[in-house]
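A lone chain, given as structure tokens: the form predicted alone.
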């Protein structure tokens, strides 16, 4: 076959030669297209599989780890939580609305494919500077796409995170997480079994949208790639709602009807058929002439590679076809037998009487090459590790510095975003977006799930190991601050081109950091997604990689929702304190970047023993009823946490606090340090001895700062001449709130 064809499909010379060895002949066009999509990075993880093996994936609660559509963790009472996060970065750069919308649709299908009803969505987004017109357009359209799909299908979008940076100007990151609940005994798998059992396509008809979407997502965003709008799928949330309900009703027929089921996402019918056959150790025969289509004249190549949305492939028990058709017909959907299970291990594609492809199913699904790329430490790494920040001046105006942080897109309220989402549909949302770590009720119980997505791209650029470890620790602190035991991680690892040694070094170090933190905190990684090639070029000669962004999605369990905790201060007279140790470390901080214009320096120390102790102490204090509020300390440090606790406090209108900084550390170093392993808490004076005693048993220091009260945030320094305190901040809570709540809207709408 002509050299240019397989190269244009994204296959390397050694990969094409490997295909020749497997088949013992040259592939035809259909077979070559099937190999190209299945051996793309997006489907095969050929550049990441070896490294991902470092992650801990087992635990006492894990029912299903990596290898299926989503991870599954036991939450007791015969129930399980099903969750996963995935990316739709490249499509969102080209068609931001549909790229984001179909990202939502795809991750929802991963959840209900497992037999779970989806109950919540979260997102993690990265864009270029809001001063850039294109970045503002991408931001607005991506949010609209997530809202349009999630709102229409009736699944609340309850949380997430947003940040902006120059490195994302051309290559935005759009990661979406979905969480569902199912009976633990009713989890569905994507494996076909049983000689002669029929295979059915259910849901929407097949069109030409999304052609080669998997290979499109496995290359850099060149100008030519940006023009490939046909690689972006088109979603229909109303169709997906029907498909969701039909599938959940189908599962009620039992395992003697549904043998296996797989979403048709990336690589479409090719991926779903070969993976189901490979997992079941069987073969499969598909007749593309029987696949319902919405466009005329489609070739077998187009049918096999189409990534049209809202479709599933189902292997069912022979003789049950009428029952399956009845269920889908009830919901206004088609269910069509397109093939059957065989016992020869071959994926055989027919077009009527003609055989158009014959490939071993395992060759497509499991025999892609596995690369260990060269890795080299970037020159900047050691330089930033050694950067001396001793000469960074103290702010002339601390209130002004604090306002700059509160206006930063990374820190500012995401109200402009979440106000476009329906976050209460289903009536199970307990803690709403913007009011702390998102919490949803497990339907029909008094249990809750605390949900979060966390990543710090700057940390991960400056020190990938520490940045990824911090992301795990911060996510765990976030769910613990709500009163939840961390259960499991799903990750979305966003990086540049892995064939570049510096990028592969970033990736490998990040996974190592994530793995060590997950092990130390005993939180298994149940699955996720790797998104490489997040690089872009305007002139075709040089590319810019995004800052490495390993997003950690985490689920935590609250056994009793009466103990759910939020970050806002509650009562006048409550004591304000910090749990954990504050170090003099402003490297890589939002303060350093926003106030001093320095994106650099050493990332805060990772102390996993301290993180574990802080999490265990926090859970013990909340379960013991000793705390009024709890807020983890991360970006912006103590100053931002205090501001948010005031803004979110009282009965919704805010409440003030007066604190005095301890010790001899310079005020900005204490206020803006982003040391890990810390919580900002408040509690009634009568609980003070109990808090101190419990903290002592856990080996966590407690620093009392002041008390809740008034309608201003007042911060005094540790002391000046004659022991008199120096006032460093004195700002009405209403002014803090105005800047914090309005910053993103002002930036996007100006």
Partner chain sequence: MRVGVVVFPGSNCDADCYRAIESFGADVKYIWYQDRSLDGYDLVVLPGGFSYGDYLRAGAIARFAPIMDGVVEFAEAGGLVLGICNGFQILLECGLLPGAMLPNVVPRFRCDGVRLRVENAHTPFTCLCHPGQVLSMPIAHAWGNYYADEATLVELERRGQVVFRYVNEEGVPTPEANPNGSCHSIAGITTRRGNVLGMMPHLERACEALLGGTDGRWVFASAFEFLSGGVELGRLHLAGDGPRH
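Numbering follows the first chain given and starts at 1. Owing to the predicted nature of the structure, the values given are computational and were not obtained by experimental measurement.
The form predicted in complex with the partner chain is left out here; the points below concern that form.
When the partner chain is considered in the predicted bound form, only one residue from 342, 497, 428, 385 comes within 4.5 Å through any heavy atom, namely 428.
Though the partner chain is absent from this view, in the predicted bound form it lies within 4.5 Å of a heavy atom of just one residue from 666, 137, 294, 330, which is 330. The stretch that touches the partner chain in the predicted bound form, counting heavy atoms within 4.5 Å, is 149-157, out of 451-459, 149-157, 313-321, 260-268. Put simply, residue 380 is far from the partner chain in the predicted bound form: not one heavy atom of it is within 4.5 Å. Among residues of the shown chain, residue 421 is one whose heavy atoms approach the partner chain to within 4.5 Å in the predicted bound form. Put simply, residue 441 is close to the partner chain in the predicted bound form: some heavy atom of it is within 4.5 Å.
Interface residue remark: residue 237 is counted as part of the site for the partner chain in the predicted bound form, having a heavy atom within 4.5 Å. In the predicted bound form, not one residue of 448-473 has a heavy atom within 4.5 Å of the partner chain.
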